[in-house]
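Let's start with one chain on its own, the form predicted alone, as structure tokens.
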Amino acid sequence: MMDATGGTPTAREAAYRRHGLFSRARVREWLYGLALLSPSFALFAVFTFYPLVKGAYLGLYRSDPFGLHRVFIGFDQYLHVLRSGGFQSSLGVTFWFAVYTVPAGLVLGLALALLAHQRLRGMIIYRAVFSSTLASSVAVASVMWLTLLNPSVGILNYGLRESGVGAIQWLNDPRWALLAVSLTTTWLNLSFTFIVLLAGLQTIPEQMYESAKIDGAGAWSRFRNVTLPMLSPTIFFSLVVLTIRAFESFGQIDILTQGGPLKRTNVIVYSIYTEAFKNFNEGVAAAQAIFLFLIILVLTLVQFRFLERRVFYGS
């Protein structure tokens, strides 16, 4: 008896055909695979699935001002949060925060990666400098920028005073606070984008650039027709990660502005923190967290649905 490829089926394949899905060999392989995956399942169950289910459950209850007594109100909690002005305001702040940080981080990271990809003497030093922020924690970076943005001794205001513009209350002025926090976040994420895009640039074959030069393509033409298409999977990955990071930002906001002034930097995550640990509204905080999860999920699916089609994965 011949198999589909024209050869004689092995004894294992013949056993699969005789016994189907529930043969001893197949069950043994399934059990072995599950045993290998069980540590990952356990970690996901403890740190992902359980908090998600627990958060959805807590969102069905309303807590008293001291957080000691809960009253079941069902899905009215979610409707109340969705209609509340505070949640809508924090959602708008988070949207603008993402608009400020994601494109800037992507463009600057790509510019630095293109610069560091040049074959120049001493470029390894610049690569180390550009990637150095990856080793900085959110707390360290925030404290550093807290000093840089200081209205009295900050270097940014020093430059503005020397140029005759005058000092700016970066973290205390509602017009500038979100931009200042966005600047800190962009700098904090810059090394990640730089390293990822530089790694992507190094995978592009040099023969493609040489062929483009032979065809008379200039620097801009090579960048538009060779670099961007070949780098599009890496750019798409960076875009998705930066968007998720923007919607999950908390540490720099807590250190720099605490959601102020006038809640101009009160992003969704900081609003969740305030409701849970300052106002003791666990139900409201849990409902906001579930909405944040759904927003990030929808944004990621939209990016994959409409942007991935523009990604060139090559052959």
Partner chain sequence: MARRVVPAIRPAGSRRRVLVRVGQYALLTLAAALILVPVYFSVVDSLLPPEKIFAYPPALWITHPQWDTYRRAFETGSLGRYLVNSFAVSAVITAGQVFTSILAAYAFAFLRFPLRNFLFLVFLTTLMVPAEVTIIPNYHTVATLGWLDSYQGLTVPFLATAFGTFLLRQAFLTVPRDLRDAAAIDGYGHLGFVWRVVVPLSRPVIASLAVFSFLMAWNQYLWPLLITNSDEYRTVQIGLKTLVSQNLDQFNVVMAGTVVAAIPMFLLLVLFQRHLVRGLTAGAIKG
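Between two forms, the rigid core is the largest collection of C-alphas that superpose within 1.5 Å. Residue numbers count along the first chain shown, from 1. From a predicted model like this one, the values you see are computed outputs, not experimental measurements.
We do not show the form predicted in complex with the partner chain, though everything after this point is about it.
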4.5 Å heavy atom contact, residue 126 to the partner chain in the predicted complex | yes
Is residue 262 one of the residues lying within 4.5 Å of the partner chain in the predicted complex, judged by heavy atom distances?
-> no
Find out whether any non-hydrogen atom of residue 130 is located within 4.5 angstroms of the partner chain in the predicted complex, and reply yes or no.
-> yes
Residue 285, heavy atom within 4.5 angstroms of the partner chain in the predicted complex | yes
When the partner chain is placed as it is in the predicted complex, which of 206 to 214, 90 to 98, 187 to 195, 170 to 178 ends up with heavy atoms within 4.5 Å of it?
-> 187 to 195
Can we say 84, 86 and 240 each have a non-hydrogen atom within 4.5 Å of the partner chain in the predicted complex?
-> no
Looking at 79, 155, 228, 107, which is the one with a non-hydrogen atom within 4.5 Å of the partner chain in the predicted complex?
-> 155
Considering only 247 to 284, what residues come within 4.5 Å of the partner chain in the predicted complex, judged by heavy atoms?
-> 248, 250, 251, 254, 255, 269, 272, 273, 276, 277, 282
Would you tell me if residue 37 moves between this form and the one not shown by 2 Å or more at its C-alpha, with the rigid core held superposed?
-> yes
